[in-house]
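Taking the form predicted on its own, here's one chain by itself in structure tokens.
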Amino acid sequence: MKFNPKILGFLCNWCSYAGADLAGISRIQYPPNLRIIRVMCTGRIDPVLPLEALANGADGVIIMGCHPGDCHYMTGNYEAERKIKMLKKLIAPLGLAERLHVEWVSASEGARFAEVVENFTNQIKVLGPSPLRQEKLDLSKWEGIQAAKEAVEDFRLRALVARERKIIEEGNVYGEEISQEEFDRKMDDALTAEYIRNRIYLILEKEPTSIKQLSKRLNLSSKHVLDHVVLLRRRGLVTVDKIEDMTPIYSVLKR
């Protein structure tokens, strides 16, 4: 059977949505796979929404906004770009990063809008159906996308993403200069840590589990897993459920 991708698009009201409208008025042909959600600004897109779309079987998600410097709300497209960069890093280990894309399309670029949709649709066709919409669901990827959704809800990560530009340009709260490379490294570490903690929480939410079992499930060292479990206990999210043969079995406390 021919693969017909399901693609969700978040389009800025002032530029890319108007570009889509122009493409329609001009009768420019493009693949009909895109389902559009109009937003006032791409900067207002909650990072959970693209992940929710992927989790519910979308083969691809594209965000289109104003060109840099032309945002109706000054910096909204920069904020969207930072959010998508964070999301792509989170879902890269799941093999889903290429299914999330961002492009800039102005209100006068009807032909470019059609070209962007066609190129992304062809890219998704090459990738094939999303592993999250197949009949035999990959449990690891499903748990991964759920953990990614929980991770981007974390206020610490959201604050870090929101302040990226200010930190790079003005330094941190101590007045120390931070390079883009150093910020990206710290951001990667924070993303990875929060993602792993949410994977642990979701596993423990299903059934009480030992550190050794968690380590095997996540393919991480026992020490690494224990460090995260200790932090989750400090946050009041995880507790010792019982002791079996001198081994602590951990379970969750409700968030």
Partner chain sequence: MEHRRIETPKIGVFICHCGINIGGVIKVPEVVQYAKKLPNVVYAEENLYTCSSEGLSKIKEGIQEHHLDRVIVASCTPRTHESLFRATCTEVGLNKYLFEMANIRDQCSWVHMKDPEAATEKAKDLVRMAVAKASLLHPQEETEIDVIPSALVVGGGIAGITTALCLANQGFSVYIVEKEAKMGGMLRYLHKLYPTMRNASEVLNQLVNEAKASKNIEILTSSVVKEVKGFIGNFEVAIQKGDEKTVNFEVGTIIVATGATDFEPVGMYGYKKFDNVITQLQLEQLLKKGRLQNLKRVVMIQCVGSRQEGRSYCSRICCMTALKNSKLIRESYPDANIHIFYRDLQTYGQEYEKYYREVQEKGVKFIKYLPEKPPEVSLGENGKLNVNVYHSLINKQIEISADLVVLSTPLIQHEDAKELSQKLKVPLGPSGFFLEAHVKLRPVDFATDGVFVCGSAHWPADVGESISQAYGAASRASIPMSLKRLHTEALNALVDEEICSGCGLCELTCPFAAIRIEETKKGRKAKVIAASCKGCGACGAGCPQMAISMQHFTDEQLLAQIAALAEVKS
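Positions refer to the first chain, counted from 1. Computed from a predicted structure; not experimentally measured.
Missing here is the form predicted in complex with the partner chain; even so, the following discussion is about that form.
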Any chance 6, 17 and 31 all have a heavy atom within 4.5 Å of the partner chain in the predicted bound form? yes
Only one of 183-191, 36-44, 196-204, 215-223 has residues with a heavy atom within 4.5 Å of the partner chain in the predicted bound form, and that stretch is 36-44
Decide whether residue 75 counts as a contact residue for the partner chain in the predicted bound form under a heavy atom distance cut-off of 4.5 Å. yes
Exercise: residue 25 in contact with the partner chain in the predicted bound form, heavy atom 4.5 Å: yes
Residue-level question: is residue 210 within 4.5 Å of the partner chain in the predicted bound form, judged on heavy atoms? no
Just to confirm, residue 133 within 4.5 Å of the partner chain in the predicted bound form by heavy atoms? yes
Would you kindly say which of 118, 138, 153, 103 lies with a heavy atom within 4.5 Å of the partner chain in the predicted bound form? 153
Sequence order please: the residues of 49-87 with a heavy atom within 4.5 Å of the partner chain in the predicted bound form. 49, 52, 53, 56, 70, 71, 72, 73, 74, 75, 79, 83
